[in-house]
Every structure is written in C-alpha cells, then in structure tokens.
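As a starting point, one isolated chain is supplied in structure tokens, in the form predicted on its own.
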C-alpha cells in the first residue's frame, strides 16, 4: 500500500494507490440548517438519471432524517460498529481508517447491504430523538431533536470504490476529480458496493454493472449546477472547486467555507476517503453526535454559524447559495450585495445581503379602505 496525505485527518495514511490529485477538484457545501426535506433534489436526480430498468431502487441523491434515517438500512452505524471506537487528538486522527482496518486479504473494511436493506427509503423520516414532556417547548439546544441530511456521492479524493474494484473500471477524471464507472470494463463484482462507506454505488441487475452519481458532469462542463443543486428549494447547496488548505483562496466560496472559516465539514472524515462534499452542521444537535458525523470541529462550526449574521462577508456568501444556475467559482461582497463570478471572473448574479423591507400604511388613501392581514 502507498502512503498518501489526508489533510482532513491531519496525517498520512495507507491507500492502495499513490496520491495523484486532479488538476482541480469538484466539491460542494450543503447547509443542513436550511434543508426542509422536501425531496425535490431526490426527484430531480431520479427523473434525470435513474428512471430506467434496474434502477428502481437507486437514489443517487437522497435526504435522510437523522438520527434514525438510513438508506440503505443502517449504512453508517453498521460500519461504525465494524470500525469500533477510534480517537481524535487535537484535530489529528489517531485511529484507523477503513483501509488500515481492513481484514487480511481485503482492501477495504466494508459490507454489502442485503436486498431488503434498500426497501425502506423513508425509514425514520421526521422521527425525533428524545422525549418532549408535558409543557416542554423547543428552544436550542432542543430537548428532542432531529435534522435532515442530504446525501450524494462525495467524489472522494481517495475513493474506496476505486481502491476495491478488481477490474480497474472506476476512475477519477483528471480535469475535475469526479469519480465515474467505466460501464464497458465493469463486470458487476459489486466490490465497490461493499467498499463505499457511504453506500453511494449501486448494482443494476438488468445491465449487470454498477452505477453511481456522476455529479451531472455534462452540466459541470458547461459551467452549470447539477440537477439536485438547481432544483433545491431550500437553497442549501453551492458547488465549485476546492484547493488543498495551503493553497486556499479567500474569494473561492468552497475554500472560504471549508479552509478559511472552517464552517463546512466532511461527513465521517475518520473513514479516510477525504470526501469532497462538506456540511455546515446543524445548530441544535448534541455535540457528541455532531463529532461522530463531522469530526471534532463540529461544535465550533455550529457556534460560528450562529454568529454569521454579524459577519458581512460570511452572511453574503451564504446568501448566494441556490441563487444561480451557474457554477460559483469566485465571490465578493460589496456594500449590501453579494456577487457571484464564473471561471472567467465574470459576474453571474448579485443578491442583497439584507432583503429590503416595505411597510405599507394601514389605510389605502386611493381606495379609501383599511388594509387587513386576512383575505
């Protein structure tokens, strides 16, 4: 095995191939606090990419209700049990990754879900953790809590699916780091299904090959947002390009949220894949659960998010989420406006940081009637 550097772990780790980062890496940030679980993203992806035969059970994009939601069933807690308790030490991961904890003769620690595990896409939906006693009311931190977790393929820097494929049919595109499966090489061994800790590769029994989220790369090539991003009603998503921490650019929205403000965090970084989809943690969830999902910085990130309204630049960037169909490669905040720019640094959209407020008088002098709030 080769030794590669994983900046999310703060150390080198073992991986089956030498480190070879692409020319630039596609990445995304999801603001969990704004997700309403409308599933519009799920349907947008489903109707675009997985409406064919053998794809009935496939959800390249899905939204789960944590802590009880899973698709497939128990995809994360089962692997956490297999990995067992591990240790973070001042932002440095001292535990084993799923590559380092793999049993003898296997490349990755993992499991293949059973067919019935894919039978409950809405399990745990809107189920809360904890009890609300008589007379209790909800104020952060909640006595009872849950949140929505939107998930797609993380297009990892060190993909487990790629490491496990005996056919070499999975690869990262050098121009954007998007992970794809060569359908001509794939023989349907399903090792990628077993290896992916996020369970975002799926086997198509009709074609005999595996399939997965492709980050809508035909749209990415045109400078456009993927389907699930464009159709997100909650405006929780932004996608673009991420650099390594030492090369972070302050006017790059992904770099700013991930590296500079450290507000957006990877999902289960302890697995060792260096995933490239990042999440702004929910503000009302117990720290122990947040640390398990997003690593030791999660509580601090949630606290920083609560103070975003006091920061002009940060609140301006968050206002840009979901406000354009085009990729936001750069951004700027000027006065009361946040401006998004494309790869050529041409402006694509500008939005007000503070929405204008208009107060109408209670008496309409033209019609000589009193305005009411009810129809």
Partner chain sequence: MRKLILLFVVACVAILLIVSCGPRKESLKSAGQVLAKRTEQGQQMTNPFDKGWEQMPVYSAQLKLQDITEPKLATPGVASMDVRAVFDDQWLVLRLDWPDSTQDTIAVPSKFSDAAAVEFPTVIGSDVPDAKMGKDQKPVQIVQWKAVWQTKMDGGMSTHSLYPNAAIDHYPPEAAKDSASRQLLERQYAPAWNAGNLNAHPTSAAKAYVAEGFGSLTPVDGLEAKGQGEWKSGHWYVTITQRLPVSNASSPLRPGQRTYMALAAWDGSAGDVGSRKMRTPWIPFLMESQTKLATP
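Residue numbers count along the first chain shown, from 1. Quick caveat, the model's predicted, so the values are computed rather than measured.
The following text describes the form predicted in complex with the partner chain, which does not appear among the structures shown.
Listed residues 173, 262, 185, 284 were compared with the partner chain in the predicted bound form; 185 is the one with a heavy atom within 4.5 Å. Of the residues given (221, 81, 288, 115), 115 alone sits with a heavy atom within 4.5 Å of the partner chain in the predicted bound form. Interface residue remark: residue 68 is not counted as part of the site for the partner chain in the predicted bound form, having no heavy atom within 4.5 Å. Interface residue remark: residue 53 is counted as part of the site for the partner chain in the predicted bound form, having a heavy atom within 4.5 Å. Using a 4.5 angstroms threshold between heavy atoms, residue 91 stays clear of the partner chain in the predicted bound form. At the 4.5 Å threshold, heavy atoms of residue 206 reach the partner chain in the predicted bound form. Across the options 253-261, 271-279, 92-100, 162-170, residues that bring heavy atoms within 4.5 Å of the partner chain in the predicted bound form belong to 162-170. Applying a 4.5 Å heavy atom cutoff to the partner chain in the predicted bound form picks out 105, 106, 107 from 84-111, in order along the sequence.
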